[in-house]
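Single chain ahead, by itself, as structure tokens, in the form predicted alone.
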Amino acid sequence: MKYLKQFGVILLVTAIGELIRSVVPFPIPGSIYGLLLMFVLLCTHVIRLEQVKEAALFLIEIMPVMFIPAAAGLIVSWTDLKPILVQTVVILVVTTVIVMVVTGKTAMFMIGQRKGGKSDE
């Protein structure tokens, strides 16, 4: 029952993110609004980590399974991707590196803020 309750909290925040997307005129997916809302709720202790931790860990564990339909879609689209394969791979590598660097710098900043000092840059 605990897992259902925790999953319900996550689902409610996600649904609110979708509602925000339908009201706000920006082209941002509702899942992003939901993530930001969950972040704010966790930071302000409106939702305690214990209220969602186990369900969130379960969802993270099964995340690779969620990519199977996308991979199958790529296989079906191979004829369309074949002419632009080099450009696609370059874009994927460059954006992956950018995301890794930005994530690392953000994590370093957040750790520095949590320790009360400056981040190591």
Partner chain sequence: MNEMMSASASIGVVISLLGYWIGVQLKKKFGYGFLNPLLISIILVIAFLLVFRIDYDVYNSSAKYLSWFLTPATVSLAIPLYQQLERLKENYKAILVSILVGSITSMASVFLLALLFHFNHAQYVTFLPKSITTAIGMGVAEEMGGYAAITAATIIVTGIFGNVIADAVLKLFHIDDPIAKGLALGTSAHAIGTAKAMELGETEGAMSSLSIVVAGMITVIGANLFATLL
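Rigid core (definition): largest C-alpha set, two forms, superposition within 1.5 Å. Positions refer to the first chain, counted from 1. Everything numeric here is computed off the predicted structure, so don't read it as measured data.
Here the subject shifts to the form predicted together with the partner chain, a form of this protein not shown in this document.
Indicate whether Ser22 is a 4.5 Å heavy atom neighbour of the partner chain in the predicted bound form. Outside the cut-off, so no.
Would you classify Lys2 as touching the partner chain in the predicted bound form, given a 4.5 Å non-hydrogen atom cut-off? So Lys2 does not count as contacting the partner chain.
Using a 4.5 Å cut-off on heavy atoms, which residues of 65-104 contact the partner chain in the predicted bound form? Going through 65-104 in order - heavy atoms within 4.5 Å of the partner chain in the predicted bound form - the hits are Val65, Met66, Phe67, Ile68, Pro69, Ala70, Ala71, Ala72, Gly73, Leu74, Ile75, Val76, Ser77, Asp80, Leu81, Ile84, Gln87, Thr88, Val90, Ile91, Leu92, Val93, Val94, Thr95, Thr96, Val97, Ile98, Val99, Met100, Val101, Val102, Thr103, Gly104.
Superposing on the rigid core, I want to see if Leu11 changes position between this form and the one not shown - specifically a Cα shift of 2 Å or more. Moves: no, less than 2 Å.
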